[in-house]
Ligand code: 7TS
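One chain follows as structure tokens, the form predicted on its own.
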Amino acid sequence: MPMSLNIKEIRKDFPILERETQSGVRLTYLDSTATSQKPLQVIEAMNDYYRRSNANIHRGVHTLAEEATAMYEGAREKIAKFINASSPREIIYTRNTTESINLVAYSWARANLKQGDLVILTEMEHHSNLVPWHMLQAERGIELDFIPVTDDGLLDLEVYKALLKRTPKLVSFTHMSNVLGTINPAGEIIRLGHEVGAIMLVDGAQSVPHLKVDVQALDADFYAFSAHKMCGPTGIGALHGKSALLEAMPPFMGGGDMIKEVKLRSFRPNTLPHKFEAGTPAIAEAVGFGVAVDYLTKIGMDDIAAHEHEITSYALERLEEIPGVKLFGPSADKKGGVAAFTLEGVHPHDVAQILDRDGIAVRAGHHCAQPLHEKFSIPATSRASFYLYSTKEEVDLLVNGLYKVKEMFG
């Protein structure tokens, strides 16, 4: 464990980790891939906004409006710096990663794709990066093809290179799988796609919270992520897009704040980033998003990644000890803080429910990645996932809980 990360002190920042569950035992939270817990710093910042500065933004000249606007736009600047965007204008607030991907699908794709155009996805995508393209396929007749996943949970880049010979217009892929934990070689995938003129969209929902992400170094055209997976609040996310692309795209939604001028028979859209932010936004959530970025920056993304790697390595070793457990995904050196598994003879939902009796929170199901589970001929998995506040002791509790499950099911 990195000496610079004091996990005992970090855990004190997360009040929910002190609570007891309905069964009267201390919570063991191993579901951070679904949503992370929130530090006091974020909770108090949002509370302080509502107590002291609550007002609508951009439209007022009174003190509260100016304070709220400064906090909202200040958070955008922090987010831009966090992922090394070239300008805060390239950060579009959305509700979440799903909305960010849909923004690209509805605005850029509907303006640029026509019948027969190829979009390349992967077999490990979250539904958020599948369904918008299915919808566009039904509407426009675009073609979809997929980079396959190998048996060890990696993308088959040789097949990807072959697909690129068909000159796709768009390649959209996850930086890190929410099921397998696989960290895909985003830089290489983007470079190869750009060589054939493709626009590159990255689902960064699982990567931005856990890795140091530099969108300029990656050269992604679009990069989508959510606050709630990175110690921030629910209901807000971001789309990073290159300025030239965003400037050329039509607005996603119409209404207040996204306009420069409105007449009875016409309108002119606002400048970036406001062009894509119609209506009163999630102001308090933006404030919390910015403070979450401050929190992660102070701790250090490299140290967070190193800590998670150590926890994940330990978890995979311990889980492999249990007879009947089958793990999915690559080895620890190729993945983030995720351990998806099945237990022979026990449905994943039963596993999760029994673990919950001991206060152990894991996820069970297809994790919004049904095609990936079909690939491995299974209906569901159990998934334990880790973050900066996770400990080896929690992994031990998980393993002990799984032995109890085995006993119960004989």
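Being a predicted model, the structure only gives us computed values, none of them experimental. One-based numbering along the sequence shown.
Below, we turn to the form predicted in complex with this ligand, even though it does not appear here.
- Checked against this ligand in the model of the complex, the candidates 104, 205, 311, 119 yield a single residue with a heavy atom inside 4.5 Å, and that residue is 205.
- Of the candidate stretches 372-380, 52-60, 32-40, 343-351, only 32-40 has residues whose heavy atoms lie within 4.5 Å of this ligand in the model of the complex.
- Among residues of the shown chain, residue 228 is one whose heavy atoms approach this ligand to within 4.5 Å in the model of the complex.
- Taking the partner from the other structure, this ligand in the model of the complex has no heavy atom within 4.5 Å of any heavy atom of residue 270.
- Remark: residue 178 counts among the residues lining this ligand in the model of the complex, judged by a heavy atom distance of 4.5 Å or less.
- Although the partner is absent here, residue 274 is not a contact residue: none of its heavy atoms lies within 4.5 angstroms of this ligand in the model of the complex.
- Annotation for 238-273: no interface residues with this ligand in the model of the complex [heavy atom within 4.5 Å].
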